[in-house]
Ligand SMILES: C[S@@+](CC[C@H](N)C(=O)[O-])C[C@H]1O[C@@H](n2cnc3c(N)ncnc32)[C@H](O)[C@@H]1O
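Next comes just one chain, in structure tokens: the form predicted alone.
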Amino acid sequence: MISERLKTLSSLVPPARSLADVGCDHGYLLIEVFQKYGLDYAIAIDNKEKPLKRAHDNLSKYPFIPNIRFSLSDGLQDLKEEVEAVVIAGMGGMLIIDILRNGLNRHLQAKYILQANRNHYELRKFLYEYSMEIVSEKIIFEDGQYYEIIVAKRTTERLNYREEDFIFGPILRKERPKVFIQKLKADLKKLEGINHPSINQKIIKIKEILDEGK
């Protein structure tokens, strides 16, 4: 059974009809997108043989297997095709930044769907510095873990993000979904016992966001 995390990632792919899945692992995301959202073509990418073979074995059971290219490679290095969307999920934010830094300029027209396990601040700051607008953000809670998902696209417009946008996310701050508020309260509870200048500043910012909803 597919996880809520993968369901949410998949739902953000449309209207794209071609997709690169970086770090494809079991291939479950591609199965979901092909079956639910009418994907035409995909590249399944992983830098380890076993996960890529596992993805191939799982995907080979479906009639859309001829429409998938499997690539044993790092990040976007072997992505020759033009694709409308790129998913990079389930890894650290610094690794996602490295992948984007090494391949983003060759695929500027794609929509990027990113789910980092940590270092969200650094990832958002990188996107800003590369003129990538955050057009959507989602947050889910599953199996005791919060997952933040960022959708970004290249823009020629000037971006005006505040420090709070890098920390908490510009869309999440604006839309204030229930799970986002739940995460802020959980973070506040963990941080309040720590006495450090940077932590104290974050506590203040969290309280300000929570107070905005009162």
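Treat the numbers as computed from the prediction; the structure is a model and nothing was measured. All residue numbers are counted from 1 along the displayed sequence.
A second form of this protein, the form predicted in complex with the ligand, is not displayed here; the remarks below concern that form.
Taking a 4.5 Å heavy atom cutoff to the ligand in the predicted bound form, the contact residue among Lys185, His26, Lys36, Arg69 is His26. Checking Ser73, Asn119, Ser131, Ser136 for any heavy atom within 4.5 Å of the ligand in the predicted bound form turns up a single hit: Ser73. Proximity to the ligand in the predicted bound form, taken as heavy atoms within 4.5 Å, picks out 46-54 from the listed stretches 46-54, 160-168, 176-184, 60-68. Contact check at 4.5 Å (heavy atoms) against the ligand in the predicted bound form: all three of Gly90, Leu95 and Ile99 pass.
Using a 4.5 angstroms limit between non-hydrogen atoms, Val22 touches the ligand in the predicted bound form.
In the predicted bound form, the ligand stays beyond 4.5 Å of every heavy atom belonging to Ile209.
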